[in-house]
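Single chain ahead, by itself, as structure tokens, in the form predicted alone.
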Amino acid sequence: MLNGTEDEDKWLAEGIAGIQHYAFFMHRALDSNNLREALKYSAQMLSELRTSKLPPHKYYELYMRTFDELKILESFFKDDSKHGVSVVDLYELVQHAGNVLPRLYLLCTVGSIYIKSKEAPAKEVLKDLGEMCRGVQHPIRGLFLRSYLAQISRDKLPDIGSEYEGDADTVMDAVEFVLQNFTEMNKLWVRMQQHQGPGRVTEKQEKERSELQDLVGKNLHVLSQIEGVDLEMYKETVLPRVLEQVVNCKDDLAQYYLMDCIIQVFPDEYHLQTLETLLSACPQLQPTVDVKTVLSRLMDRLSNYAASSADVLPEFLQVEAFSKLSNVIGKVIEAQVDMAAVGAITLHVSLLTFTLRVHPDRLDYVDQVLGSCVKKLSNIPKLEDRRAMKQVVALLSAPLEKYNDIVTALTLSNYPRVMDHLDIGTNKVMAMVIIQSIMKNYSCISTADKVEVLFELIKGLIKDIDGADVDELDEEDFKEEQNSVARLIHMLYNDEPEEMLKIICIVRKHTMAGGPKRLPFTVSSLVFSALQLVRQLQGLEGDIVGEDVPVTPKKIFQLLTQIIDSLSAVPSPELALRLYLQCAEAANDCDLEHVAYEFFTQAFVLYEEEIADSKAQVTAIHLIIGTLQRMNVFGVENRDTLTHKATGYSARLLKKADQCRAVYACSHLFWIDDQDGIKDGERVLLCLKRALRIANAAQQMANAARGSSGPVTLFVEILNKYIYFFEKGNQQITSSAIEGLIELINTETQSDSTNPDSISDAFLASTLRYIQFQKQKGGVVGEKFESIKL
């Protein structure tokens, strides 16, 4: 291969040297106005282009050298005062050159001047040159010769408004000349492929042919620039002739390139009005032609044209662009039986993009495209190509991006059917795209039917699909997916309680099938969604019975109990306890004492039987105490039972410090400001004294274990509770009790002076400053605090 390249370089160098050699003598002849010598040496120079040894890109170098020299020669020919020969005679004279290739280059050069002189009609000269150039049938030499002809004639065509415009049909003559040149060049270009060889050589030939494609395509560009080519002429003459050549050449490279050229160089309006003619060529192309890219580019151009102005949209309806494109895509897929799945899906993506841009209001068109894709996918046993999967995701994402509303996509009957063809991983990706679209656009799904469809679409996230390998699941990805589902549940809402309950039941049905690993993520959202409905219904009587009873809080609480019970399979007792307490608060607001009591009972059962970790117990007991404090629905008996349980559990915590804090927190259960019935000063004092005993025991244990009593933080915390209840008017909390506690703290601090604790000291100082501040207030408060001697 290397030797071949070296040989080509050597031949190119020899050719350039020959051109330079003969060009030197040609220049000398031109300087002396010697026409005969000039023609002789120019013909010899042009003979260097007769070589067959060079590949196209190196032949091009040779061609450009001679092109520059021909420009100089043309300038000489123009000035007949230098050579004294008329242009007509000159046109005859150059035809005496010995070899056909130099003769034709010279003929084209003089022909250019001949047309400019207007001594003969441009159409006659052009026709003559076109016919003469048939004399060179070698592919590369012929292509470059005709390229030269196109180059020198492009500004001399008998077009409307051109200085070379003649009588009637001049535009037709110009079109005929360019079409003829295009046809001949395409035949030469295709002929390069006919010399078949080993695979590597054929590959090389394809590359060489690709290097020459622009020479052929320039003719189509020239056609598009002719002013006289209006829509009628394009429709009746230009497009049919070009397509005839494209289809008949039966060469995949030429067909792909030329179809792309047609789409790119001619106006969008022409494409729209001749859509049927243009599309009719697509199924006739070779099976190896990349038709999907051709059609995709056509649809992109038409989409951009539609987006450019609303005035053109009626034209699309008039020509029935959608149905024509849809039909041809079906025919192409049918004709190209070996087309890969990715190609067919890409065509549908392009058609859907076109539809969404041109006919966004026609959901039936969108659904039709999806249905057509489903039909194609149904013929594929299993879609495994990653590129095809990516295109399916693009297909499904397009409506979401266009409408910014999942509700619209949920009305498309074929949307779920397309998703069914995705593999498990891609199904999850698409489900995440759907959820992200809902969150981004704040889309509210408000009917049970649509929620059912939506959860069918995202089933890959909410339950294990057959064949999924659960062990391979990335933990972080799994959490992100489930958190997304949890957020989605909050976007399902309807003001009508009955419809909202249906939505909750559908979500419950789907999420309960998710297995123990998913439930901790989704149950919370479902519970709070149901509690939101309860808040809507506050005040409704919940004891009505019968078949057609309206939605009542009591019914929802029964459902909530079942939902939270499902967490026992996980198990997740801490979460279940929190949710029971939330439900108890909601039952309190609905004045349902027995329901609230039942939720508290469930919370205590979980605390006793399931929560063993000491830290979790501390958190749980404080949650229970805090929730119980806010309850006002309980009668005396039920409240006493629950508060007794809470204080009992508080005193049985593992660490003394935790016991102390939980017990003094229980004091708030017996003194609630906004309820006159619950202000039991004695029991408050009992809780605080019990907390004080526990704090004292904690100090003694610390002293025995470490040789020092440790910080007095617990005493200061209890002091703050004493001050709180003293200020609230609890008669059992006296100033002397507060003074005694302050004295105890000071004694403890002094006895442990070897280990000062800055935090406890600062806490105590702040507490004492508060007492002082209250004293200075004056009035009833100041008088009350005045009795405390510091």
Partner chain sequence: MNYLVGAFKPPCNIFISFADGRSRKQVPLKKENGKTVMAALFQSQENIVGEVVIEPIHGKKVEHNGVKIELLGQIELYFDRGNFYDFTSLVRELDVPGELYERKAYPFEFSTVEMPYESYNGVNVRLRYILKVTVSRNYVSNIVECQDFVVRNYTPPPSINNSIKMEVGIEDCLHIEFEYSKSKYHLKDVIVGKIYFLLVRIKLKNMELEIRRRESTGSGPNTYVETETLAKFELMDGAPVRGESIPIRLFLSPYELTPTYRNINNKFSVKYYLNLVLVDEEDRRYFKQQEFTMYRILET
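Please read these numbers as outputs of a predicted model, since none were measured by experiment. Numbering follows the first chain given and starts at 1.
Just so you know, the form predicted in complex with the partner chain exists too; it's not on screen, but the next bit is about it.
Is every one of K78, P121 and T170 in contact with the partner chain in the predicted bound form, taking contact as a heavy atom within 4.5 Å?
Result no, not one residue of the spot touches the partner chain.
Using a 4.5 Å heavy atom cut-off, which of 88-96, 245-253, 413-421, 661-669 contacts the partner chain in the predicted bound form?
So the stretch in question is 88-96.
Going by heavy atom distances of 4.5 angstroms or less, which of I333, L239, M132, L272 would be at the interface with the partner chain in the predicted bound form?
The residue in contact is M132.
Of the residues N632, Q558, Q137, N327, which one places a heavy atom within 4.5 Å of the partner chain in the predicted bound form?
For this set of options, the contacting one is Q137.
Would E481 count as a contact of the partner chain in the predicted bound form, using a 4.5 angstroms cut-off between non-hydrogen atoms?
Answer no; every heavy atom of E481 is more than 4.5 Å from the partner chain in the predicted bound form.
Given that the partner chain is not shown alongside this chain, does K53 nevertheless sit within 4.5 Å of it in the predicted bound form, heavy atom to heavy atom?
Taking the distances in the predicted bound form, the answer for K53 is no, it never comes within 4.5 Å of the partner chain.
Check D128 for me: does it contact the partner chain in the predicted bound form (non-hydrogen atoms, 4.5 angstroms)?
Yes, contact at 4.5 Å.
Is M512 close enough to touch the partner chain in the predicted bound form, meaning at least one heavy atom pair within 4.5 Å?
No.
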